[in-house]
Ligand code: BES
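Take a look at this single chain in structure tokens; it is the form predicted alone.
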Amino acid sequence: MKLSFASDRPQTFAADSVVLFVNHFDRLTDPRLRELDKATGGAVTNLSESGEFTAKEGEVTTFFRPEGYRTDRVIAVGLGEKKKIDADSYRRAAGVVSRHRSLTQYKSTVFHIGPVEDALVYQAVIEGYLLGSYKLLEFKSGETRKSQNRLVNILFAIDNKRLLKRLQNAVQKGRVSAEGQLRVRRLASIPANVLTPAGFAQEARKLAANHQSLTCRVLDGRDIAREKMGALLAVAKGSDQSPRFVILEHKGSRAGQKPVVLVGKGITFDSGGLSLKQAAMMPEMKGDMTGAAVVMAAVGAAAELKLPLNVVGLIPLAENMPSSKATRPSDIVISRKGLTVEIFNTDAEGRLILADALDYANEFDPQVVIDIATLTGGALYVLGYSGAPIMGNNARLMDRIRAASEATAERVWEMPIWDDFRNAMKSDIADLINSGGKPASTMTAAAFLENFVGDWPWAHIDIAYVDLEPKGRPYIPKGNTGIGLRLLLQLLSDWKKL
């Protein structure tokens, strides 16, 4: 995809199409629509009066061969009511138009956003287009493997030439963030017979090889045993696939700067172990490594954007399977920290691998640690498919995450970690138990993780269920969403010492 930038009126561009982003209207006050109405013999007025197009959110229409324009088609996409429009309105509109045949069957287009100077809007438009148009085709065959989208050139028309460089930078940042989110979607969609723990680690190595500031170190099963990561090893025991532990570092600042450490859950397939899941849930479990994919993509995007910050990604990887070697309910395992954990439910495995990773984070003397995981089925009953519960130990860090959430429309909501939840994770015969049962399971899981957090600010983001879109939305087609990438990248981009 080639992106270019210019400052001129819509009529002047010789592209296959021009896309106008327009507010809902009762009267033609937008100069671009008035000019288009004149150039089409009153077509805009006619569609408005008939109610066929008034630029309500999600409405799209095409005007062919307007007189005086150097393009054959002008595509108008509605943003909705002006007072309700924000950056995500543009992201959604771009997602809608990204699959419109008048756009995708031709090679070039111009995005004309209008008299808007907010950089977040320009970032949102390219994000919406790239995210909305994505399809995973690598497992198709023959002609079905080829993309039907022919668009390869997008020119952003910017009204104010003085802002050209700043808005160009915003679009480029949007491209990086969208491509990072698409990396997450792709990895979460790859079947587990292809994306094993070793296969995921190889993806991390390939990513690091493309960026000078990135280093990648991979611990294999023997290394993990030497690190005494007993909780991670306990999860991996039932599988023939050996676990891995990936350490991905972006060195964007001086060596002495304490890093921001990101930790991602990497269960490449979760059968539930001996606490076997229902068959209907199994196909989704190839995506139980989405947190790991988010962390890998976020560190990679930080490197591509050359963020002046040291970032470490810690990714524990395992497959949770039932076998004669598998960890049993009632077993007791010893974590890297030395805390003993009674296994009540082998399907509460994600917190076990995160526990060893959170303890390993101490090796980096971090300024802050954030973990992200498809952790609990209970998250569905907290916020449904609409947002991710967050928990932590530092109010300023929670404020930072909320601010990043507002900027990206990746919604989060803080939940408490009360002593009731901490008490639920105490075992009668070991230090901890790995499941407190169904009541408040999202919060009790965080209470379990809290035991492995060092003396640093920490946040936990549970993306279970928001990692999958059941129906499809403008820039989030049905399937894996890749949520969390834009949230973390915004947080890193705006980072200031707590």
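Since the model is a prediction, treat every value here as computed from it, not as a measurement. Residue numbers here begin at 1 and follow the sequence given.
Keep in mind that the form predicted together with the named molecule is not shown, yet the notes after this line are about it.
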| item | value |
| --- | --- |
| 281, 351 and 435 each touching the named molecule in the model of the complex (heavy atom, 4.5 Å) | yes |
| In the model of the complex, residue 285 touching the named molecule (heavy atom, 4.5 Å) | yes |
| Residue contact check: residue 319 to the named molecule in the model of the complex, 4.5 Å heavy atom | no |
| Close approach of residue 36 to the named molecule in the model of the complex, 4.5 Å, heavy atom | no |
| Residue 277: touches the named molecule in the model of the complex, heavy atom cutoff 4.5 angstroms | yes |
| Among the candidates 464, 55, 44, 443, the residue which, in the model of the complex, approaches the named molecule to within 4.5 Å (heavy atoms) | 464 |
| Contact residue in the model of the complex, chosen from 199, 416, 377, 221 - any heavy atom within 4.5 Å of the named molecule | 377 |
| Answer range among 397-405, 132-140, 146-154, 343-351 for contact with the named molecule, defined in the model of the complex as heavy atoms within 4.5 Å | 343-351 |
| Interface residues of 252-268 toward the named molecule, as seen in the model of the complex [heavy atoms, 4.5 Å] | 265 |
